[in-house]
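In the form predicted on its own, a lone chain appears below as structure tokens.
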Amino acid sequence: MAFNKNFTDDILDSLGEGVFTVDKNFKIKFFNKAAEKITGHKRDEVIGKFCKHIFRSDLCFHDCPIAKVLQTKKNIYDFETNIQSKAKDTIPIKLNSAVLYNENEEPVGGVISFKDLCDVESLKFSLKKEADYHGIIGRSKQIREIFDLIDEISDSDASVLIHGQSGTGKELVANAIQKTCHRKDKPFIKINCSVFPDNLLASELFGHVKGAFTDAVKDRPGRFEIADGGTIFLDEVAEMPLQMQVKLLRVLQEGSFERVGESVTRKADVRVIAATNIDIQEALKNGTFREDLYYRLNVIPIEVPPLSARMDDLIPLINHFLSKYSILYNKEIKEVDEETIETLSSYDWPGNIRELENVIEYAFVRANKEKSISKDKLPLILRNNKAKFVPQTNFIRSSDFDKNEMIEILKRNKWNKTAVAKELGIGRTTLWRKLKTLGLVE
């Protein structure tokens, strides 16, 4: 089915994020309603004008996202910067950027989507009371152990390596470390190491001088200089090119580096938090991740468990996302029904918490006038998923147990509620309701 231009524009206008497109000369071709709301500019005022003259961000003049995508051949995700509104107010935004190609695979322009971080901060404030630990939702034993570790290292400047599958919340753990450490009032700089080729990553991390390469039109400090006295978060660090791993190792060992194109040695006092989702032992074996760098980063290792290993947190997470989307979509849905909880509990969650959030948003959008989410609102992959728990014909009824007996069963299974549910021959939701009745969960 081919969509005409008007229909496509209508879709883009319905989005909550600002979206605009530019031609190959960086002149604005489309500007959606959310972009109008965020910037204060009307569509008719900006069409045909250079985007840098509208947004007036430092990024526009020395680090254009569209130009960067053209250079690296990789899209940019969740890049934080500031723009100016029509009223000349500074607006913090997070943007995504991609190049548009014609049928001959020739670049013809670019598209940028962006969200106002002021709105995001307001949302965070609204949800703050529900967050168990600096934005991390969780009460399971595994997560509480991470909370304890973060508290214990709050006075340390040692490097931290966070490992876990995609979607488990590694960046949230990094945020919590920053918020509790003695550098919490100093700069906290984040960079995704996988989106830059070797030469551009060197510039991003260590800066460059004018003339160091074609687009180096002026001196520019790198992230380590900007983060001096604070913390830098290196996401997907194991995907950093090997040559850059050597340079990073030097910073960790000596605290020194040179800008690209300059021989002057500079110093920076920076605490490094890194994260990766790859199989580290395999990367060390294959030589794609330097062993000496690994040991420098892995002074304090933190393993973030997949959602399937912390299913005790499923209901708190569901409640959190329901609250979040009640605010974002301005409609109130406070619960999911029992059948839906059973369905969500029996799924393996390969995409972890990020997948759970997407599922809740999908169901939330589909639930129009309902006050709770029913199973038929879930994505098809979940509705067709076979339940993990098969009731036994001779199961022991959980209602037969008082609080002390239930605690003994929990202890016997090392507080693993999945194992307890299997022993009792009941679903996790039924077990959760019993535990709640006995006052063993909140």
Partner chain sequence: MKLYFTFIKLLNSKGSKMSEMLGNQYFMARKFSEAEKELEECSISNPKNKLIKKKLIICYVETGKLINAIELFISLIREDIDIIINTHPIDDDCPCPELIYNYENSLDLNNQGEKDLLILGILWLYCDFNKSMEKFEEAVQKKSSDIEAKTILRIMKAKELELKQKDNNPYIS
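Note that the structure is predicted; figures quoted are calculated from it, not measured. Take the two forms, find the largest set of C-alpha atoms that superpose within 1.5 Å, and that set is the rigid core. Numbering follows the first chain given and starts at 1.
Keep in mind that the form predicted together with the partner chain is not shown, yet the notes after this line are about it.
- Segments offered: 170 to 178, 190 to 198, 101 to 109, 235 to 243. Contacting the partner chain in the predicted complex at heavy atom distances within 4.5 Å is 101 to 109.
- For A419, no non-hydrogen atom is located within 4.5 Å of the partner chain in the predicted complex, even though that partner is not displayed.
- Within 4.5 Å of some heavy atom of the partner chain in the predicted complex lies at least one heavy atom of K73.
- Interface membership of T231, defined by any non-hydrogen atom within 4.5 Å of the partner chain in the predicted complex, is ruled out.
- Among residues of the shown chain, N25 is one whose heavy atoms approach the partner chain to within 4.5 Å in the predicted complex.
- Just one of M406, L382, C60, I38 comes within 4.5 Å of the partner chain in the predicted complex, counting any heavy atom, and that one is C60.
- This chain lacks the partner; the member of S97, T340, S203, S140 within 4.5 angstroms of the partner chain in the predicted complex by a non-hydrogen atom is S97.
- Residue displacement note: N277 has its CA displaced by under 2 Å between this form and the one not shown (rigid core superposed).
- Remark: with the core as the superposition reference, the CA shift of F79 between this form and the one not shown reaches 2 Å or more.
- L378 shows a C-alpha shift below 2 Å between this form and the one not shown [criterion: core-superposed Cα displacement of 2 Å].
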